[in-house]
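Below sits a lone chain in structure tokens, taken as the form predicted alone.
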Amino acid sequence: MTTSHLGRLAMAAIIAAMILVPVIQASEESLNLVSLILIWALFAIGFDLIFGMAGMLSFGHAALFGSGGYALTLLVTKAGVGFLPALGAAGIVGAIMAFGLSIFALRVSGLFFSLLTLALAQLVYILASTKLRNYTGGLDGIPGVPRPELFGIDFYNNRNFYYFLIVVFIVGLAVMALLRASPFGKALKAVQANDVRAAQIGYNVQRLRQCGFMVSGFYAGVSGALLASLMFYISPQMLHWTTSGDVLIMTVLGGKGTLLGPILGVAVFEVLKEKLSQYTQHWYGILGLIFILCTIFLPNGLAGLFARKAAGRPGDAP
């Protein structure tokens, strides 16, 4: 059995386990934890499209994540737009924000690209915290972010909303799998491997990077909107650079450049965060230490370790 087959089996097992969570009458705390994992996993697989596939390390994804959350909140509460159209609009806002950031950030590469995305995202954070407080609520944020009203189902019931998250997650996962296997995904891999040669054989490298950034921004916007709805609340903290750091740690921990890796990374990160925070307020430092050890001893992340152990030989992560 190849590692790709093992990866599909692992993915099917993860999805089946997620579907069974409410069936086994999990506690509200467990349901909330897995809901967070679903939302952050959607964010992480979108982030990995440019980080793992195109080799672009963005420190500015918090701006795309938070913008999606604010877009849904304002559209539903202020403009009276329905939840599903607002959710789609949140993704579009994330993609538009990514397009705006890419106009400046793609003028440079490497470390300078990372620092420029960080600076631009912090600018968005400051604007939301101060200058735009009439719309964003400033540092106090906006409470009362609604949930969908569909087919007479009460999505304020956490179990019903959990199934809604599963549907969105599976659709997002399937679309991302198709994108990664498409000529577009292979072109992004070619750009990561050698952007000079990719340009020489006819790829428009900047256009590919910009398109990848926008698709990643769409995923970030949708996941930010879902998190705001899950928590009934949004604040500028979603736009802070630490949010970008969290999704980076999750992706590296699970294994960048894979579809399974970011999901594993999110699950491990959220579970450790939940457990460690019960014993110490310095849980973030412990997570940082785990992240450092992982980058040293598991360069391909947990997905790479899983592939080697399952296949009984070194191999590419699924």
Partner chain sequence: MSTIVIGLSLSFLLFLLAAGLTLIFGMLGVINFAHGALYMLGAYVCFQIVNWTGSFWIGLLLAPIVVAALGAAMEMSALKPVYERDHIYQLLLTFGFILVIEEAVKIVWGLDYKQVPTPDLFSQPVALFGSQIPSYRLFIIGFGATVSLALFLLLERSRLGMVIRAASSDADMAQTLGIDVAKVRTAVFALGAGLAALGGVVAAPLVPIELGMGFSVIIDCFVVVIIGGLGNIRGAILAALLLGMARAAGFTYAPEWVELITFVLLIATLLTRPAGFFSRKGRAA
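This structure is a prediction, so every number in the text was calculated from the model and none was measured. Positions refer to the first chain, counted from 1.
The same protein also has a form predicted in complex with the partner chain, omitted here; what follows describes it.
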Q | Proximity of L20 to the partner chain in the predicted complex, heavy atoms at 4.5 Å | A | no
**Q.** 4.5 Å heavy atom contact, V167 to the partner chain in the predicted complex
**A.** no
(Q) Is L127 part of the interface with the partner chain in the predicted complex - any heavy atom within 4.5 Å? (A) yes
Q. Is G185 a contact residue for the partner chain in the predicted complex, using a 4.5 Å heavy atom cut-off?
A. no
Q.
The chain here is shown without the partner chain. Which stretch in 134-142, 106-114, 197-205, 91-99 comes within 4.5 angstroms of it in the predicted complex, by heavy atom distance?
A. 106-114
Q) Which listed residue (L173, L248, C211, L74) meets the criterion of a heavy atom within 4.5 Å of the partner chain in the predicted complex? A) L248
**Q.** Proximity to the partner chain in the predicted complex, single hit among A267, L36, M53, V252 (heavy atom within 4.5 Å)
**A.** V252
Q: Determine the residues of 260-281 with a heavy atom within 4.5 Å of the partner chain in the predicted complex and present them in sequence order; the list may be empty.
A: Q281
